[in-house]
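One chain is shown next in structure tokens, namely the form predicted on its own.
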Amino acid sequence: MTFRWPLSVQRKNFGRNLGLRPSVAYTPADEQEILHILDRHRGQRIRAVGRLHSWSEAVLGDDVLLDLRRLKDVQLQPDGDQFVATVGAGCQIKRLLKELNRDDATLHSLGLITKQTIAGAISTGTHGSGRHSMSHYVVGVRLARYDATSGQAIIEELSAGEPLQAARCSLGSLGIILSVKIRCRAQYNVQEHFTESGRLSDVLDAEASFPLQQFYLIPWRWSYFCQHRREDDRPRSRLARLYRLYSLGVIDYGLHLQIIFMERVVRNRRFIRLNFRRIISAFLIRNWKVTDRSSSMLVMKHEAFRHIEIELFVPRNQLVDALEFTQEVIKVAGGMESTLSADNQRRIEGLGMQEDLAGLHDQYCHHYPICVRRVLPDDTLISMTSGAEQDCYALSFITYARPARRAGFSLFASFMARSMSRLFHARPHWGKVCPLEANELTSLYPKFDAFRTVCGTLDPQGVFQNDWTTSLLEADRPAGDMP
């Protein structure tokens, strides 16, 4: 057993909005060592951490902390015409993809980054675009917890029913995840190209031809940049390597460095708006159709520069109104408008949030494209698209402001989460900024009571909770909560 960092030093998450200073921290090498640690610290709170690429309080732990990075083995087995991979909890997605590719396999769903561990990714509902979240494809979870009768640390396999549905997105609340079994598929190619459109209807119509697409609402220009994507049976394009260099150098680094320069150095709202209206579009090569391996095409270097993010999931039938509302609120926050349209103003008055809107006026200039990704309903209890009767769309709001200059974004994020959850049934991503109170969050999930029951059965003493997850499990549903 080894300590991973000096206990007198606070370790911060990727966004530098949260800090961890546990009383003791371990990096166990195997399952038996984890059981020994659990028995040694019986009665104390115990949490596991991944790579801390999360902005929500789900990552916090102030007592016993386990860093599972040494549990990273990958075993792949055939399963009909597909595969099932058994993956150590601390295995990073990038390592998993590399191991799968040796057998010409890959994951069904990929998020934008690959630095996360598999346990961290499923515990918060990590997703891509055009498919279910990664959690949906989990068929088994191996868990360390305490036996309710003997009090001894034991290992249990969750492979069916509500325990599995809970483990697919658990917020780390059931026990210590040791390994994950996840359905995989044969490696495949994806074709991609960019277009720009002024109409959301055109973007959504394109889904029929490009089901894996994601798109961006460009602030201050108010058009849509669409990243059209679909599976492609053709071989890798001859210019695929050049396209990867373009994506890395121009999009992942060049575009982001320019946005960061405008936000952190220039800090002039007029130039930020002008940048989006006139300059940002020059970074995109339109209609360059390239086919490449899915595990290369579907990811970005989104972790290259420090940022903080809130992501809100809205049902498809609410998307048009939600994006119109988003555009109006950004204008008010940026000082370009003093109020919303008549319809949206009435909505805000109906919520009693007039003062909140007035307090947001001229407090925050949004400086990053709003990424929109379609996510299919999940077979889970509390992932963001669980229990949905239609596809959902994840709207990402990101700031590259330095930690000391995030007050305006915090106001904006809080207003968007509280208003959109009530107006458009929006659910905040569990792994990103979650400004809602515990009862507001849990009321968005019809099966949260079932999740509580599973947590109470597997962890009756609440030893695998932190203060935030405890508040969720103890929250009362408000009268008139959402179905």
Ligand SMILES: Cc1cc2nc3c(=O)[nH]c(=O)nc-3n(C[C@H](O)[C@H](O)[C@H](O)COP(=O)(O)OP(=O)(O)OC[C@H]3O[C@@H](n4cnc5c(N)ncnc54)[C@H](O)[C@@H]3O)c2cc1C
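Numbering starts at 1 and follows the sequence shown. The structure presented is a predicted model; accordingly, all values stated were derived computationally and were not measured.
What comes next is about the form predicted together with the ligand, which does not appear here.
Undergrad: Would you point out which of 35-43, 448-456, 413-421, 51-59 contains residues with a non-hydrogen atom within 4.5 Å of the ligand in the predicted complex?
TA: Stretch with heavy atoms near the partner: 51-59.
Undergrad: Examine Pro219 and determine whether its closest non-hydrogen atom to the ligand in the predicted complex is within 4.5 angstroms.
TA: Taking the distances in the predicted complex, the answer for Pro219 is no, it never comes within 4.5 Å of the ligand.
Undergrad: Do Leu441 and the ligand share at least one heavy atom pair within 4.5 Å in the predicted complex?
TA: Flag for Leu441 set to no.
Undergrad: Any of the heavy atoms of Gln116 lying within 4.5 Å of the ligand in the predicted complex?
TA: Residue-level check for Gln116: yes, a contact with the ligand.
Undergrad: Please run the contact check for Thr124 against the ligand in the predicted complex: heavy atoms, 4.5 angstroms, yes or no?
TA: It does: once the ligand is placed as it appears in the predicted complex, Thr124 has a heavy atom within 4.5 Å of it.
Undergrad: Using a 4.5 Å heavy atom cut-off, which residue among Val87, Cys169, Cys392, Ile176 comes into contact with the ligand in the predicted complex?
TA: Result of the distance check: Ile176.
Undergrad: Of the residues Arg406, Arg229, His307, Arg374, which one places a heavy atom within 4.5 Å of the ligand in the predicted complex?
TA: Selected residue: His307.
Undergrad: Given a 4.5 Å distance limit between heavy atoms, list every residue of 425-453 close to the ligand in the predicted complex, or none if there are none.
TA: Residues within 4.5 Å: His429, Gly431, Lys432.
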